[in-house]
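Included below are structure tokens for two forms of one protein chain, each presented in isolation as structure 1 and structure 2.
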Structure 1
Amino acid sequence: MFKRLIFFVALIGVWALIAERHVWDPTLFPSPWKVAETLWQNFRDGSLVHATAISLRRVLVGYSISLAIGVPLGVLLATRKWLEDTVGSLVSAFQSLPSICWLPLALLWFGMNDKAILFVVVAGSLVSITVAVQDGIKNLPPTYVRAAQTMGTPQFRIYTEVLLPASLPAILTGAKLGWAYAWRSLMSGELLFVSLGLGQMLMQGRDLADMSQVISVMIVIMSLGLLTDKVIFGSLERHVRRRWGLSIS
């Protein structure tokens, strides 16, 4: 933690030094203080909070849809051979398609609105969640299911009380990956057409040739990504690892 603090203080120091010396044009290379000032201004006039709220709402809705479809779909693909052979191959084909490639299709189908963006977010995260759940279940020791069967567990409860909890570590990895994809897809989508949200604010900075706004919005996007990754997924993972005995602490 201390090492990290020193590193970032030094980084900002070097940045400030270069900016002070006017090595590059200050409109293209603003000082850290200028960026901080813009950040504070955008925060105070509410525009940053508003844009963040819009982006977060979109990613949460899209991500929830992906989880709600992806987890059951992954379970089905892992437990039904014929589905794996058919739908499964389509899923792997989609996996190689960057989510932003869905945008032209989404714009034609839904028009320039929230639905198109949501579609891209879902397309970006659904596949990775599905594949992670599928792999997680396929790699389970077969004795879990057999043990449950010998204890008289009905078929449906084998899904809910054995397969799902047993593959929780894999599902969590998939959920984390899915979140990362959802966040990236949203930002690309928001950048590409007028839509409010953080992506547009970033683009607006470019249109106004306001580098301090560009950098300040980038910092906000990074911070939000780090926050969910470390705080939310980090604590979930720690909990699972402790119970499974996967960590050495």
Structure 2
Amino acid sequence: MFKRLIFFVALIGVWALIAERHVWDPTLFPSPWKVAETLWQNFRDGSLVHATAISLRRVLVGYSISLAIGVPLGVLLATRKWLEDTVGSLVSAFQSLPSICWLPLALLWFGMNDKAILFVVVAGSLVSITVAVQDGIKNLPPTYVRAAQTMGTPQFRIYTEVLLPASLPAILTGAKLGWAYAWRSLMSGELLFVSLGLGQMLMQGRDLADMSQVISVMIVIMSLGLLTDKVIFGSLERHVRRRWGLSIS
């Protein structure tokens, strides 16, 4: 924790030094104090809180849908050869498709509303979750399933009590990747049309040539990502490592 604090203090110091020496135009490279002032002003007038709440709601709904579909789909692709050869090929093709490519289709299907953004979020995060779960289960030793079948375990319980628990590290990795891609997809949607979220605040900063607002919103997005990684995914990872005996005491 102390090393991390020192690192960020030093980083802000370098940033302030470069800004004060006017290496770049101050309107294009504002000082950390100007960014902090803009951040505080947007927080006080409620615009930042409102935009953050809207973006968080969108990403949470889309991410939850991606998890609900991606985890069972990944399990099925890993355990059903005919599905892997058919649907799996389509999933692999979608993996190389940037999420922004889904936006024109979403706008034509749903119009300029939350449904279009939600569709882009799901399309952007679903594939990464599915592929991670599929790879995790396929890399499990086949003796796990054989041992369960020898003991007379019903097929459904093999999924719930063998495959899913054994592939928890891979599922968690897929969940982290899905969260990151969900945020990227969300910003792609919010940046391109009026959406009342953090993406719109970024565009407002660009349109007004207010780089301090652009950087302040970027800091908020990165802070949300860091907080989620440390508080939620970090706790889950520690729990999984302890369960698997991977913790270093």
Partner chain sequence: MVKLSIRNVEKRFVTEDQKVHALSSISVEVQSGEFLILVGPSGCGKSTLLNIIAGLVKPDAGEVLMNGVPVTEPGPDRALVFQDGALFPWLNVRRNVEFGLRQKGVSKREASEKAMHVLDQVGLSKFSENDLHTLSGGMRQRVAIARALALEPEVLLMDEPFSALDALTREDLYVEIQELWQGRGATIVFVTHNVREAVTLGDRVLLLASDPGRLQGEFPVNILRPRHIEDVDVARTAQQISYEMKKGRIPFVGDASTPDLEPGEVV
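Since we're looking at a predicted model, the values are computed, not measured. The first residue in the sequence of structure 1 is number 1, and each one after it adds one. For the two forms, the rigid core is made up of the largest set of C-alpha atoms that agree within 1.5 Å on superposition.
Note to self: The form predicted together with its partner chain: is that structure 1, or is it structure 2?
What the structure shows: Of the two forms shown, it is structure 1 that corresponds to the form predicted together with its partner chain, while structure 2 does not.
Margin query: Taking 2 Å as the cut-off, check whether the CA of residue 29 shifts that much or more between structure 1 and structure 2 after a rigid core fit.
Written below: It does shift by 2 Å or more.
Next item on the list: Just grab the Cα shift of residue 16 between structure 1 and structure 2 for me, core aligned, in angstrom.
Entry: On core superposition, this C-alpha lies 2.4 Å from its counterpart.
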